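Only one chain comes next, encoded as structure tokens, the form predicted alone.
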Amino acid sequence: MVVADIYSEVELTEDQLAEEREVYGGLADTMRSLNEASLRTTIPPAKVNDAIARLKEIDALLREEMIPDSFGVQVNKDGGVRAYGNAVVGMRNPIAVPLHTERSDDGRAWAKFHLNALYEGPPTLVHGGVSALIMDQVMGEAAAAGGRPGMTAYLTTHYRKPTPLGDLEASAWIDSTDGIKTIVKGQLGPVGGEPTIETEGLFIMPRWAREVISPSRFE
């Protein structure tokens, strides 16, 4: 299996990419705002019914032309990756935060983000599954940043304290490696505060990645 079997290739200019971010990213941002408004609105039922009718018209408009299935992952001619459908970082996915991660080539990744009422578990607190979802993404990006891209084999999450909704930060780093196996650790919590969650995960490098990076390293 080679990279082409996993990622599809596209050729987009910088102007086209900028338009995507503005138009389709803008659509997703509007939907995210709509999702929160749908949860928190207190307008009377008659107005809600009016909104439903309008939204059905918009839904029909957007469904006039659609891709056949999931967005998948696409690689542009300059090597840029378009994971627009990703449930955590996807620019076009309205259920994504979306998370904007920063990375360093020593195997670290980190991000600051805001979780609103849509991500609630216990009252005023982040749902534990949402926290694990975010950490899985950040940890995977740390592994990839260190040249060790992999699929999650396990993810252990220690919930040290309740995580409040609001401004949060997450970070992850490569702890150790053994052949195709990479152990990544991470943490999540309020910005500038103590971590509320600590994680550890095992990431396994798939065969296609081993073949691209350096086969001899994993023999």
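From a predicted model like this one, the values you see are computed outputs, not experimental measurements. So that there is no doubt, residue numbering starts at 1 and follows the sequence shown.
Beyond the structure shown, there is the form predicted together with a further copy of the same chain, which is absent from this document and is the topic of what follows.
Chemist: Taking 4.5 angstroms as the cut-off for heavy atoms, does residue 176 touch a further copy of the same chain in the predicted bound form?
Modeler: Residue-level check for residue 176: no, no contact with a further copy of the same chain.
Chemist: In the predicted bound form, is there a heavy atom of a further copy of the same chain that lies within 4.5 Å of any heavy atom of residue 113, even though the partner is absent here?
Modeler: Flag for residue 113 set to no.
Chemist: According to a 4.5 angstroms non-hydrogen atom cut-off, is residue 183 in contact with a further copy of the same chain in the predicted bound form?
Modeler: Flag for residue 183 set to no.
Chemist: How about residue 93 - does it come within 4.5 Å of a further copy of the same chain in the predicted bound form, if we only consider non-hydrogen atoms?
Modeler: Because a heavy atom of residue 93 falls inside 4.5 Å of a further copy of the same chain in the predicted bound form, the answer is yes.
Chemist: Pick out the residues of 56-74 whose heavy atoms come within 4.5 Å of a further copy of the same chain in the predicted bound form.
Modeler: Result: 56, 57, 58, 59, 61, 62, 63, 64, 65, 66, 67, 68, 69, 70, 71, 72, 73.
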